[in-house]
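Just one chain follows, in the form predicted on its own, and it is written as structure tokens.
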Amino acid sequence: MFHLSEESFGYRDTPVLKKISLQIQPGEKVALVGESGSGKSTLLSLLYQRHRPDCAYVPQEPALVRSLSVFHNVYMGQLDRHNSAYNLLNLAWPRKKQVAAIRTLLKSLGLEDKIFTRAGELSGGQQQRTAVCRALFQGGPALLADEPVSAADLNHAEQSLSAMTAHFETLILAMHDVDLALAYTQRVIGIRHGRVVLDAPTQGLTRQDLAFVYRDAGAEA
């Protein structure tokens, strides 16, 4: 489903990814791990841009419209499925069918009572879960998510990860929390200095097995 072969990528004159090769098959649940600045977000963004029609995406910043309600921010995940007239009508007078569908998703993430709260009034963790819910509502065969639970406590992080793994056949998650990465994915790819330094099944791996991925990260190019 996703394929890169000896590919390098950067911004202007700054290299970020260096000769990256990987293949991710449909049905795989994959965690990208590594220090901040290692290239995880760049890799995720590159995969998303190349496979955008087939993917839902949770960016590192929630990218919500703060003046609109949680309902309307989640509904944006399906804007392209309806014509402009329907979308405008739903903005002014939310349709019962859409409210019911979104309420169900919000309930799974502990946000049901926030459905008509403005996004700008939410905490950072609640905004992050709203972005996850928008991706769930969008649907599709694959989800790419950049640190989707970094602002959540353990309970809400597990709620979000359980919902994501249940709703999407294929997952690629950039993760800071190694323990959660190992618990909710089947394969871990370690990124260090813009290169893949580990690609292995999560079964049997421990936090200690991944420690080398984080050493000397300050030398990142």
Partner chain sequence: MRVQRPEYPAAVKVSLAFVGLALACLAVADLSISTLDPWTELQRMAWGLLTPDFLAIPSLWDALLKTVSFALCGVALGASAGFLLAQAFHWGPVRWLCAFVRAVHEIFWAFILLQIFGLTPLTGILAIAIPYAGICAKVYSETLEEAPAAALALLPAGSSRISAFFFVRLPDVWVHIKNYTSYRFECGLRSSAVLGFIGLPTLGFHLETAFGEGLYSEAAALLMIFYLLIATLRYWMRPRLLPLYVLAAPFLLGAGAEMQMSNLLRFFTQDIIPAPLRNADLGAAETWQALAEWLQYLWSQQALPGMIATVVLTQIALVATGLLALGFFPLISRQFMGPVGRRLGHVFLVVLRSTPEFILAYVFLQLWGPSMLPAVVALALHNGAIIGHLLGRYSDQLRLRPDASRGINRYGYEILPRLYGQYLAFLFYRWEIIMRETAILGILGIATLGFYIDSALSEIRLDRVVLLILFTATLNIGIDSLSRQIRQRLRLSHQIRET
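Model, not experiment: these values are computed from the prediction. Residue numbers count along the first chain shown, from 1.
The form predicted in complex with the partner chain exists for this protein as well; it is not shown, and the discussion that follows is about that form.
Trainee: Going by heavy atoms within 4.5 Å, which of 122-130, 101-109, 69-77, 145-153 lines up against the partner chain in the predicted complex?
Mentor: Looking at the partner contacts, the answer comes out as 69-77.
Trainee: Honest question, do P59, A63 and S84 all end up within 4.5 Å of the partner chain in the predicted complex by heavy atom distance?
Mentor: Heavy-atom distance to the partner chain in the predicted complex: all three under 4.5 Å.
Trainee: With the partner left out here, check for me: in the predicted complex, does some heavy atom of R134 sit within 4.5 Å of the partner chain?
Mentor: Yes, R134 is a contact residue.
Trainee: Heavy atom to heavy atom, is R52 within 4.5 Å of the partner chain in the predicted complex?
Mentor: Judged by the heavy-atom cut-off of 4.5 Å, R52 is in contact with the partner chain in the predicted complex.
Trainee: Can you work out whether Y48 and the partner chain are in contact in the predicted complex, taking contact to mean some heavy atom pair no more than 4.5 Å apart?
Mentor: Judged by the heavy-atom cut-off of 4.5 Å, Y48 is in contact with the partner chain in the predicted complex.
Trainee: Determine the residues of 135-167 with a heavy atom within 4.5 Å of the partner chain in the predicted complex and present them in sequence order; the list may be empty.
Mentor: Only a single residue, Q138, comes within 4.5 Å of the partner.
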